[in-house]
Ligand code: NOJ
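The data below hold one chain only, encoded as structure tokens and taken in the form predicted on its own.
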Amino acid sequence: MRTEQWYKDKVFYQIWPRSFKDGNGDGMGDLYGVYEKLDYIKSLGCDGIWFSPLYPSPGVDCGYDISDYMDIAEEFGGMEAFKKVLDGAHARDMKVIMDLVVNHTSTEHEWFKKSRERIEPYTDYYIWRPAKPNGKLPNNWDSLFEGKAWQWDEVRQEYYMHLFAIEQADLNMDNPLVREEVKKVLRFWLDMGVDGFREDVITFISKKEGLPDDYIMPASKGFNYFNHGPHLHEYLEEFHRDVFSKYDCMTLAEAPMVTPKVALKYIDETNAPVLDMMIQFATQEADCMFTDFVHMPFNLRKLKKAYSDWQNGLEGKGWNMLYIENHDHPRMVSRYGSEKFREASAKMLAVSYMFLKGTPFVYQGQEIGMSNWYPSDPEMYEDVQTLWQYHNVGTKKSPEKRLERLWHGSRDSARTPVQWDSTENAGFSTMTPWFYVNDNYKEVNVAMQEQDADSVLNFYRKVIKLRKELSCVRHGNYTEYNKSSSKLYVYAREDEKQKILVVCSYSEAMEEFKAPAGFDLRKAELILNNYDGAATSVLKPYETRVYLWQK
């Protein structure tokens, strides 16, 4: 049983295993490589690790199509390597959380194989439906990855639901036996010493009864019928009551399209929460609509509203999860920052979210300012969602325009190997890597930045160290200023001991800055900035500053 909310004082580092570090020389990232780099992660100031899936998988969706929940894939080193990493992390006072992916399994999972054969008790482990009398699909719902949400199975002679890839069959969480299986999985890892879970699209696990056609959504049909479904809270409460409440662990739920008000139904600490934190998507939507592939001009006001809505909406009731990058979105320097001003904008983006209230997550490579990847051929992409988009959406446009759309939207930009040094393969592997290395690895890599006191990497270390030292960041209130500005994000954090003013310019031009009323900069200490020289009333491109007043 948890005695304290330790996750509120942590900074987590997300590892996407395939592309982090190859430790055994086969071209694939693995746990041997992670073990080598535990001290590096700790040196950042990070004291928690979130692993994207490490389980056995056919790899259709890079590990999110799981074929065995209670093992570690051999390609990553197997269970022995995982236990070594887990022990190594704990010896360094670092927590470890796993990815829990229980909306769906791989169609190679034993449960699915037995379900399609109607072998009890697995017959109803998945969502099966016969074809309609007219031969049509069971309903008109869309998959978020590939076409419609139904696939015909020749063995069972029925359709199964797949909200993601065809090979990712949705589990029938309404079946109590399936929920018991989930609890077995949770206990297995928690008993081993894992400290919690990031729960993949967990808000999709309860579908509307009857699976009706959707005549509301113009696209992504069915979304309102499978997101925050009728029994979601009931099932999350069951997992919390029967498992999580008995361990010293944390739960972090991925929740597409969630609002602060809806999130509080699950994470309100004043009213029996069933989860600790939720991953919102609002801060990822300042340059797109609903999906990264619907690209739009970056809108700072939209981003600021998302930050403030969540800071204010959860104040005193729930705890924020803070992030600007993960494995599911293109690189932030290329989106909200500037590749022309890569270092300055990478540093500014770090400051923009690291001093908010919540638990920050840093995604691998973010700390050195890795940027988007621009392949010359769409078939160089690996991601199932990206390839489907290219071949099925906007096909009347020129190949060049369609490829450019992938440059803006593909999550494969976040999945190129981490750039450790300027040697061949960016120091990721001594063999040809499983995936392409970004062409800029000779200019952007860890080894070079370790030697540069002014690098993005060392700036991240300063930011995280400051964050942990300032009481107002952990406990203080939040106030946004300059709300109407389309260039500046300015906010304050304040408690009874101190206050800080955080200033972030999202502009390539010089921008005038005047401190808000009540903030006398002459009495403040400038504790962090990303340009040398004295601070003036004009902000340089992508400049950021943090001012401190002690009370």
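Here the structure is a predicted model, which is why all the values come from computation and not from measurement. All residue numbers are counted from 1 along the displayed sequence.
Separately, the form predicted in complex with the named molecule exists; it is not shown, and the next lines address it.
K.L.:
Tell me which of 57 to 65, 485 to 493, 33 to 41, 510 to 518 has residues with heavy atoms within 4.5 angstroms of the named molecule in the predicted bound form?
P.N.:
Stretch with heavy atoms near the partner: 57 to 65.
K.L.:
Given that the partner is absent here, does residue 254 sit within 4.5 Å of the named molecule in the predicted bound form, heavy atoms only?
P.N.:
The answer is yes: residue 254 has a heavy atom within 4.5 Å of the named molecule.
K.L.:
Decide whether residue 332 counts as a contact residue for the named molecule in the predicted bound form under a heavy atom distance cut-off of 4.5 Å.
P.N.:
Taking the distances in the predicted bound form, the answer for residue 332 is no, it never comes within 4.5 Å of the named molecule.
K.L.:
Does residue 347 reach the named molecule in the predicted bound form, with heavy atoms at most 4.5 Å apart?
P.N.:
Result no; residue 347 lies far from the named molecule in the predicted bound form.
K.L.:
Answer yes if any heavy atom of residue 304 is within 4.5 Å of a heavy atom of the named molecule in the predicted bound form; otherwise answer no.
P.N.:
Answer no; every heavy atom of residue 304 is more than 4.5 Å from the named molecule in the predicted bound form.
K.L.:
Three residues, 104, 168 and 411; all within 4.5 Å of the named molecule in the predicted bound form via heavy atoms?
P.N.:
Yes, all three are in contact.
K.L.:
Just give me the single entry in 164, 122, 353, 361 that has a non-hydrogen atom within 4.5 angstroms of the named molecule in the predicted bound form.
P.N.:
The option sitting close enough to the partner is 164.
K.L.:
Could you work out which of 207, 198, 405, 116 is the residue within 4.5 angstroms of the named molecule in the predicted bound form, going by heavy atoms?
P.N.:
Of the candidates 207, 198, 405, 116, 198 is the one lying within 4.5 Å of the named molecule in the predicted bound form.
K.L.:
Need the contact residues for 308 to 345: heavy atom within 4.5 Å of the named molecule in the predicted bound form, sequence order, or none if there are none.
P.N.:
Result: 327, 328.
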